[in-house]
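As structure tokens, one chain now follows by itself in the form predicted on its own.
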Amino acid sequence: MIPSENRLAEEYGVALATMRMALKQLVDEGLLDRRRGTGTFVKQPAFRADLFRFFHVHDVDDPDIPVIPESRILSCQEVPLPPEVQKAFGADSASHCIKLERVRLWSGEPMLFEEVYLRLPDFEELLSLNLKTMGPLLYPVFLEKFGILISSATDELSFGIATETSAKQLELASEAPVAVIQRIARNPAGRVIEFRRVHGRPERFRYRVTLGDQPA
């Protein structure tokens, strides 16, 4: 639950009408939830079949239904911050970060290998969690365990060559071609929370875009 409109207006030094408009905008954007007679609350997102929330996986036999692949975390450790991750996190980042490696499977077959980099000290307690109980989605864990909401992300798709590790996990030949997804995920304030690099079997990927008006 967030403080009252009066208290927020006083705290931020703005007119009450301005604060009301700001809160209404957050409600309209789905970030806040007004409950009559109770108050205003930070809205809890529904993750379920949203998978990554931004990057969707669909069954080839029924492409209109999103699915959640099996998740298998391979490692979780503290590592020095790679240069590309430091650039994404910005000048306020620590010298080290948490690195997760995991593989995503569908019907027992590997389809994605992920390297996920997370800020320290925000995710320090991740090192002591039982990774086997985390489930297939990371973002609900971020919210429940650390109070961190991922609200936006930028995904960049390209193609490259499998690393030794990704080739092994995806059961590909050495230096086989792979689809590469780079993700930068942010909290509602725009702070970069996660840098993720994903390798996937290229035959699994499809790009679809609809242009122009659709028939009624």
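Source: prediction; values computed, not measured. From 1 onward, residues are counted along the sequence shown. What we label the rigid core is the largest C-alpha set whose atoms superpose within 1.5 Å from one form to the other.
Beyond the structure shown, there is the form predicted in complex with the DNA, which is absent from this document and is the topic of what follows.
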| item | value |
| --- | --- |
| Which of 30-38, 175-183, 143-151, 157-165 lines the interface with the DNA in the model of the complex (heavy atom within 4.5 Å) | 30-38 |
| Proximity of R204 to the DNA in the model of the complex, heavy atoms at 4.5 Å | no |
| Heavy atom of R197 within 4.5 Å of the DNA in the model of the complex | no |
| Partner contacts for 138-158, taking the DNA in the model of the complex and a 4.5 Å heavy atom cut-off | none |
| After fitting the core, A9 CA displacement of 2 Å or more between the shown form and the other one | yes |
| Flag for M19, CA shift 2 Å or larger between the shown form and the other one after aligning core | yes |
